[in-house]
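Before any questions on how it binds or moves, here is one chain, the form predicted alone, in structure tokens.
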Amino acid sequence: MEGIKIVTIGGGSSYTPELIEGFIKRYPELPVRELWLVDIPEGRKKLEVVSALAKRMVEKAGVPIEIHTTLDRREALPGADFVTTQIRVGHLEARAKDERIPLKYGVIGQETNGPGGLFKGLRTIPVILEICRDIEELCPEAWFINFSNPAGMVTEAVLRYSGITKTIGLCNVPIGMHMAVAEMLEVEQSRIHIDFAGLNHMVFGLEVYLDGKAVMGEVLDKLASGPSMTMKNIVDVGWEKDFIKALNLLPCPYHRYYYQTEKMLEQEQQALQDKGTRAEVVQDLEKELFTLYSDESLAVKPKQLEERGGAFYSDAACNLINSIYNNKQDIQVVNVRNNGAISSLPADSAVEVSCIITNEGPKPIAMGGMPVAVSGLVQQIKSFERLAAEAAVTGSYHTALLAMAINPLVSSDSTAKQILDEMLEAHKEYLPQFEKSYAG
């Protein structure tokens, strides 16, 4: 049968309409025949709302994409060409705990960094590995594209603890950086090229080109003197001009947590008092989005979706799938096995790096070693990701404690233990692998 079959796990996500829009606009060259939206029983209502909107969008566009829904992923997977995952284990309530609990101990509370990133990984990785086992059994030739956070840690776990090799992690941060640089220079995005290397939410622009000419100096001058590039979910506290000049690299928005820890912690503590955690802000936005999605006259992606920090994720996924299917050999930034692309990181580790996208998957571009000023921080985060993935799989309390303690955002071993113990208790419903692993 002609056409492509795509399965999206977490299909009731508020981001799904962006995915539908991406497939519709690429339909002439990316003939999606079946799109299966999969969710869990607790997500049934959202799945129904999102799938009804998806069907209206497809009908309005006049493209023959069949939208299917199911609460059983094993029903959806057979014959899939691509499987995407956009899941949040524990929902936004769990994210709120990830953000709120560390703040009690004077530590950054953030969805994908520090203690919050560790616990999101501990909850997410076992579920992702179950999905991987089903893929290996039911559609072993499929490409597995994950954009569930923490995407780098999840990719690390899939590469180390599953039999899947056709796996790619995806993030919208490099896309946002690319868009911001084009805006800074007041040029079309197509004229800008950035060499990216590092890890997920720890990626750097090594060089920026405008029409093939290196312009990093000009970009960093603008970054230091004006509003800096950021995201909906990260406060812009500005950069120290001389630091940015000395760094001579394009930092990503998440680097603020590491280079401006005190300022970011103050901002988070103030925001917690003023309006609650970011998760609670997003819950309100989600309610608004699902009210819009429920309107039977709506047949396009609403503009309000761009207020989410993950805007453009889904479009990036469509772009990646399109490039694999059509062997475009264009350059995109994805999370893949390093294979020597970044010489200062292990070859078997997951990295986020510029890749040439072919019908055999991404081919990482050799970037050399990370510059000496950032190499240590990048390696420390990679060590954290490795230990976090191991703890998620083994349920080892001590491995989880070690991961927590070596994260640069956690100030001491005793603080690490206090946060770990409180968060294990708070999230125990979603961490069955830790039931027998408490220290004692």
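Residues carry their position along the shown sequence, with the first being 1. These numbers come from a predicted model, not from an experiment.
Unshown form predicted together with a further copy of the same chain; subsequent notes refer to it.
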Handout entry: Contact label in the model of the complex: E262 to a further copy of the same chain, heavy atom within 4.5 Å
Key = yes
Problem - Interface membership of G90, a further copy of the same chain in the model of the complex, 4.5 Å heavy atom rule - result: no
Practice task
Determine whether any heavy atom of L47 comes within 4.5 Å of a heavy atom of a further copy of the same chain in the model of the complex, and answer yes or no.
Solution key: no
Exercise for the section: Find out whether any non-hydrogen atom of Q283 is located within 4.5 angstroms of a further copy of the same chain in the model of the complex, and reply yes or no. Expected result: no
Problem - Segment assignment from 288-296, 323-331, 123-131, 197-205: heavy atom within 4.5 Å of a further copy of the same chain in the model of the complex - result: 323-331
Handout entry: Contacting member of L247, V187, M216, L138, with respect to a further copy of the same chain in the model of the complex [4.5 Å, heavy atom]
Key = L247
Handout entry: Position in contact with a further copy of the same chain when the complex is considered in the model of the complex, options E306, E240, D72, E183, heavy atoms within 4.5 Å
Key = E240
Handout entry: Site check F23, L37 and I65: each within 4.5 Å of a further copy of the same chain in the model of the complex by heavy atom
Key = no
Completion exercise
Checked 10-48 against a further copy of the same chain in the model of the complex; residues with a heavy atom within 4.5 Å, sequence order, are none
